[in-house]
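The chain that follows stands alone, in the form predicted alone, written as C-alpha cells.
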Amino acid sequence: MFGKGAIDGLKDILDRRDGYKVYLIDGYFRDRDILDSLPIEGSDEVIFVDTTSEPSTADIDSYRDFLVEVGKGSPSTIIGVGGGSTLDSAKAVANLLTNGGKAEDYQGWDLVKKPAIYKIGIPTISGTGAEASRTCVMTNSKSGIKLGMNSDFTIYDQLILDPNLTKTVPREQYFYTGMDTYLHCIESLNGIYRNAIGDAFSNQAIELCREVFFSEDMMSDENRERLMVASYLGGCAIANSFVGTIHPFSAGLSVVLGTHHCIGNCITMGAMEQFYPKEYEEFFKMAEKQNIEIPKGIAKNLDRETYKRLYDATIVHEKPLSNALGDDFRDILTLERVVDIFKSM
C-alpha cells in the first residue's frame, strides 16, 4: 500500500488476521502522535526498539525471549514501524520465533529453513531498503561480524509506504539514510554479479535519488514520495544483486567504532574515489547542493590493534568484495591498503 495516509489502511488488514499482534516500534516514537495511527488492541504486545545502537544478535534474542516469557511467542502478525534498524529487528524476530535457536545461528545465506511469522513493514524513513530486502542485518559482538539473515523467509509479507511518516525526519539524517539507496545501487551496477532485473531497479532508484538530492527542497512532499519509492526499488535491487566495497568498510566502522550504518556509508564514500570515481564526484555534488557536511577523520589516528579489527570486520564480507573486486580481493585489499583507506575517511 502506497501513498499519503496509507497507514490508515492498517486496521483493515489486521482485522482480517485472527489473534494477537506484536508491534516492534522505533523508540523515537514512544511519546509521539504516530502511536495514535496504529490500531493497537489490549491483547497486542508492543516492543519499543532502542535504536541508539544498531541491532545485535543479543538484542534479537532478548526480544524473542521476552515474547515467549509473556506468552506472546505465537502472534498472528508482527508489525515493524520505524527505520532500517527497527524493520530489520522485526524481520529477525519473526524468523527466530518459528525457527528456534539464537539469532547468530542464522547469520549468513539461506540458513533460515522455516517460514517466519507473517509480517508487515511500515518504514518511517527512506533509504535503507530494509522494507524490501531479503536480509536483516545484525552485529555479533562475540564474533565481530555484521551480517544478516539472508533468506527468502526474511522478506516482509506486506508493506505500507506512507510518505507522511517521513515528515519529522531530521534533515541530515534524511540525507544520510536516503544516500544508502544511491550507494548500494551504484555498488550493484559496478559489480560483477549483475543481471537485468537488478540493473533495472538500481537505475530507476538512482534516477529518483538524483531528482531528490539535486532539487531545491529535498524534503518537499513530492520528494519524500520519490525517495520512499527509491528506497523500495533500491531494496529490490539489492535483493537481486550484491553491494560492493562501500558497505563492507561501513560495516567495519559499525562493528569496531559503533558508527551507524547510513552515516557510516557516507563517511566511507569519502575514501572510495579510487573504486567509484564518477559516483564519488556526484555524491559530493549532491551533498554540497543540500549543504550537508560529511564527517571526516573518524579513523585517522587509531592504534594498530584497532586498525587490525577494522580490517578483520571488513574483509569478512566475501560476497560483496568479490562482486566489486573479483575472487582475488584479499590480494587487492591487503592489511596496509585497508588501513590507508580507513585513515583517509
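Since the structure is predicted, the reported quantities are computational estimates derived from the model, not experimental observations. Just count from 1 along the sequence shown to find any residue number.
Just so you know, the form predicted together with ligand NAD exists too; it's not on screen, but the next bit is about it.
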Would you check, heavy atoms only and a 4.5 Å threshold, whether Y280 touches ligand NAD in the model of the complex? no
Flag G84 as yes or no: does it have a non-hydrogen atom within 4.5 angstroms of any non-hydrogen atom of ligand NAD in the model of the complex? yes
Is Q173 part of the interface with ligand NAD in the model of the complex - any heavy atom within 4.5 Å? yes
Would A92 count as a contact of ligand NAD in the model of the complex, using a 4.5 angstroms cut-off between non-hydrogen atoms? no
Counting any heavy atom within 4.5 Å as contact, can you tell me which stretch out of 161-169, 186-194, 102-110, 268-276 lines ligand NAD in the model of the complex? 161-169
Is it true that S133, K146 and H261, all three, sit within 4.5 Å of ligand NAD in the model of the complex, judged by heavy atoms? yes
Have a look at S151, T77, T124, T245 for me and say which one sits with a heavy atom within 4.5 Å of ligand NAD in the model of the complex. T124
